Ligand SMILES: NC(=O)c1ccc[n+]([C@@H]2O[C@H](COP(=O)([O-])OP(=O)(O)OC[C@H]3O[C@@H](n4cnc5c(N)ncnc54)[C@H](OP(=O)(O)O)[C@@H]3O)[C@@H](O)[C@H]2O)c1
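Quick heads-up: it's one chain on its own, the form predicted on its own, in structure tokens.
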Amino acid sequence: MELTNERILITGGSGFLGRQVCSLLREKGCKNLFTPRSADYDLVDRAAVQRLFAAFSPTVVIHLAARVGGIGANRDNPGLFFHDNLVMGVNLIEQSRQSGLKKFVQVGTVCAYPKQAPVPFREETLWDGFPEETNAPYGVAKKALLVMLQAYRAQYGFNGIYLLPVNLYGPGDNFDLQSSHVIPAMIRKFLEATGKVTLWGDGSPTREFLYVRDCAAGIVAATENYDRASPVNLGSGQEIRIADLAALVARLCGSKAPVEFDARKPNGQPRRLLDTSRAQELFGWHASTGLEEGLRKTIAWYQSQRAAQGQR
């Protein structure tokens, strides 16, 4: 699909991932991009979504907007995370169908995978169990949108695709300790440490992290070149224990602060590592940024933001 002349609606376009997707699309010569703000168009409100489509008349939708957060935010807001993520997607997909949209790109979540999924996670195992409890409402809501897209493809010939990115990180991430994910939380804690650094869980779970620019490149590549009902993983292929990640982030931050793991806090899913061979095979995408390189860039960005704030 040639995107240059398409009218592309990117929900969440001003967010962490959305800014990178928009940047890549502009580099490709796409000029008709629309990134609505939630204050103007509440995607949970069906009437607002109808107004949005009437105002912009998109031909392609890349749906990135979501209610997201770390384990704590998921644990504190299960109903909100389930409702808003489900309803936003339902409203957008149905309005897209009614408008005769050329292509709909739904970005899902690794949280949709079963808690005990065999590692590496393969797309065909997505339905082999229930997600990890602390983020199950969010994961199930997102997974329901895959079913909707497949049903709409079967009944209406609707061209909707579904992507499953692993945990993201990079410049522009959310560093608010009340709602951030693991990497920005660690970076902030180590850079600001005056004593020991306390981290959630016991340090044993493993995670895979994908640099945000790489994820954006995968989304754009899939938008251009992928058109099937099957979901597709986007990941880096590098698995690391949380305890080892903490040691790496501390070293890169230049911190000597001792680390304490609070085993009273939940670990989340035991392991996460995606099989990304389908993305490579079907639309030629693979991650290009190693974890240490990406962490250095992320730490440098956050330090520059802190310095700028201090000067102001």
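So that there is no doubt, residue numbering starts at 1 and follows the sequence shown. On a predicted model such as this, the values are computed, not experimentally measured, just so you know.
The form predicted together with the ligand is left out here; the points below concern that form.
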Among Ala66, Leu273, Val259, Cys30, just one has a heavy atom within 4.5 Å of the ligand in the model of the complex, namely Ala66
Consider the chain as shown here, without its partner, and state which of Ala279, Val61, Val249, Leu43 has a heavy atom within 4.5 Å of the ligand in the model of the complex.
-> Leu43
Counting only non-hydrogen atoms, choose the one of 195 to 203, 238 to 246, 153 to 161, 134 to 142 that falls within 4.5 Å of the ligand in the model of the complex.
-> 134 to 142
Using 4.5 Å between non-hydrogen atoms, is Gln303 touching the ligand in the model of the complex?
-> no
Using the partner position in the model of the complex, report whether Pro165 sits within 4.5 Å of the ligand, counting heavy atoms only.
-> yes
Can any non-hydrogen atom of Ser14 be found within 4.5 angstroms of the ligand in the model of the complex?
-> yes
With heavy atoms only and a cut-off of 4.5 Å, decide whether Ile93 touches the ligand in the model of the complex.
-> no
Report yes if all three of Ser38, Gly108 and His181 come within 4.5 Å of the ligand in the model of the complex by some heavy atom, otherwise no.
-> yes
